[in-house]
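Just one chain follows, in the form predicted alone, and it is written as structure tokens.
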């Protein structure tokens, strides 16, 4: 990506370089996970339950948009995909490259922004983002870019905060979700939590549907998995009691026409 970074990209790069140390140990644990044992989201939903990977991933070209420590990329590589990871944080990629060397899994890791990916049109069969570009990049930019990168029939699978959790989360970072709406449905699509500088992007379901469809995608699935009431997580903003009543996360699965 040449020239100055967009403002939200620049602030998110600086923020994630600060956050990166807190993701080293989770990244190390996740890199050790073998095919069939992958889990997703803050409550660790099993791959067999949510099917974030397509059945035919082996031999396909895949890209992780906002790969962080690249553990999802490592999972795809172990499933036989030809993988590329791209992330906005040099510090996150330092961890990813170290773990690549330790586990003997070699694939390209790019420093960059998922809104502008340095690959030709129709380079990939599959794109994925778990709390990566889907949360930290401008969807009006990264979704068209993903459409450009995918071949006809290619899929995107993404996992991010549910819009309901965004509407019920207090302004303080990591404060628990409540049982009342604290911000309007028709409010801003960008969010900077109190005391933070990083920029998140949150869209209501109707906006996601419109954005995917106008960029040539059909919606294959929308999942909002429930957690058991006694489920635990290291993330203090979510509890099993809350997540057993309302969805903490949303999974979109879309396919490019063609």
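Numbering follows the first chain given and starts at 1. Since we're looking at a predicted model, the values are computed, not measured.
The following text describes the form predicted in complex with a small molecule, which does not appear among the structures shown.
Asks: Among 154, 169, 139, 132, which has at least one heavy atom within 4.5 Å of the small molecule in the predicted bound form?
Replies: Contact check passes for 132.
Asks: Can you work out which of 76, 150, 114, 158 has a heavy atom no more than 4.5 Å from the small molecule in the predicted bound form?
Replies: It is 114.
Asks: In the predicted bound form, does every one of 81, 100 and 107 come within 4.5 Å of the small molecule, counting any heavy atom?
Replies: Spot residues vs the small molecule: no contact at all.
Asks: Which of 87 to 95, 119 to 127, 160 to 168, 179 to 187 has heavy atoms within 4.5 Å of the small molecule in the predicted bound form?
Replies: Going through the listed ranges, the match is 87 to 95.
Asks: Any chance residue 243 has a heavy atom within 4.5 Å of the small molecule in the predicted bound form?
Replies: The answer is no: residue 243 has no heavy atom within 4.5 Å of the small molecule.
Asks: Within 4.5 Å, heavy atoms only: does residue 23 come near the small molecule in the predicted bound form?
Replies: Looking in the predicted bound form, residue contacts with the small molecule include residue 23, since a heavy atom lies within 4.5 Å.
Asks: Looking in the predicted bound form, any heavy atom of residue 67 within 4.5 Å of the small molecule?
Replies: Yes, residue 67 lies within 4.5 Å of the small molecule in the predicted bound form.
Asks: Can residue 238 be called a contact residue for the small molecule in the predicted bound form at 4.5 Å between heavy atoms?
Replies: Contact check for residue 238: no, nothing within 4.5 Å of the small molecule in the predicted bound form.
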